[in-house]
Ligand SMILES: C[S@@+](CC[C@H](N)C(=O)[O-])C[C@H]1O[C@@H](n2cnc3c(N)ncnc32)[C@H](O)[C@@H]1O
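Below you'll find only one chain, the form predicted on its own, shown as structure tokens.
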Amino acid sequence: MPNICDYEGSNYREEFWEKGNRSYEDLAERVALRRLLPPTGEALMEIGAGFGRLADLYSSYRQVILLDYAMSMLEDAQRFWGKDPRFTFVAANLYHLPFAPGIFQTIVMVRVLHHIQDVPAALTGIRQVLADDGVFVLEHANKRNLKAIIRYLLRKQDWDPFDHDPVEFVPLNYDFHPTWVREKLESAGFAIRDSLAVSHFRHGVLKRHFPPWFLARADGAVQRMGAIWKLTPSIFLRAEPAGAKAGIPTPKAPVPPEELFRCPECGGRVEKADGGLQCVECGHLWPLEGGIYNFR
């Protein structure tokens, strides 16, 4: 079983985003996500949704599943989105997604791939729960970014940004070469339809002298052109199932829990039970804890 990067109990929202001077990165990522997301849709899942930073961008979807491994992150997300009946909160392991095949029209995964130890397994599981006419929006940390290239040429870092294999610069933190990511997506049954290079101006000097909205607007102006060279620290991709058969409709949302979920232990169907959902095959009870489905 691959190791999991667990944010349980961390103060990620406050320490990384609110105190970390990352307003520009947040705005630039929103520009990219708006460009790649289908404007409307049925059921959407965000993997690694954390405290729900991007959830307001899903207002045109009929059903939104926010999934994270950390219960504390989802509890934070509930404080923002818990009163909206369109939202469902799910604690689960990415390697054992507790959903029916082909149930989602759209899947989003931002700032998550760089924590994944077994990328092929994760992408294969995502493809299984995405509808044949669905869209997968993926962000990944770019190994071949301009800063890494300069540092390598000046002999200030050991790893080669041009080598296709991932680099683990600290435990469970990876940078990926764009070619490697494309190959893994294709092996999992995806085809890349669009790409954007994001965070061109992620530099302390620029962020001290220009407001976040200005840098984000400038970033948005060059995201598509920058995707030709892919020298930014972050790459956004829009992928779709390759060779999918036409005419297979996306399931209509909202999907009730008995149809949405599957047992992550055996893949069996589930039904409502006291305290949560119970697998009709193996009998495992998956609890509903404080409004969060716990499939961990």
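Start at 1 and count along the sequence shown; that's the residue number. In this text, all values refer to a predicted model and were calculated from it rather than measured experimentally.
Absent from the display: the form predicted in complex with the named molecule. The rest refers to it.
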(message) Under a 4.5 angstroms heavy atom criterion, identify the one residue in 216, 110, 185, 77 near the named molecule in the model of the complex.
(response) 110
(request) Taking 4.5 Å between heavy atoms as the contact cutoff, choose which of 48, 264, 41, 241 touches the named molecule in the model of the complex. (result) 48
(request) Determine which one of 252-260, 226-234, 265-273, 62-70 lies within 4.5 Å of the named molecule in the model of the complex, judging by heavy atom distances; exactly one does. (result) 62-70
(message) So in the model of the complex, is the named molecule close enough to residue 148 to count as touching (4.5 Å, heavy atoms)?
(response) no
(message) So in the model of the complex, is the named molecule close enough to residue 94 to count as touching (4.5 Å, heavy atoms)?
(response) yes
(message) How about residue 295 - does it come within 4.5 Å of the named molecule in the model of the complex, if we only consider non-hydrogen atoms?
(response) no
(request) Indicate whether residue 144 is a 4.5 Å heavy atom neighbour of the named molecule in the model of the complex. (result) no
(request) Taking only heavy atoms into account, state which residues of 1-36 are within 4.5 Å of the named molecule in the model of the complex, ordered by sequence. (result) 4, 5, 7, 12, 17
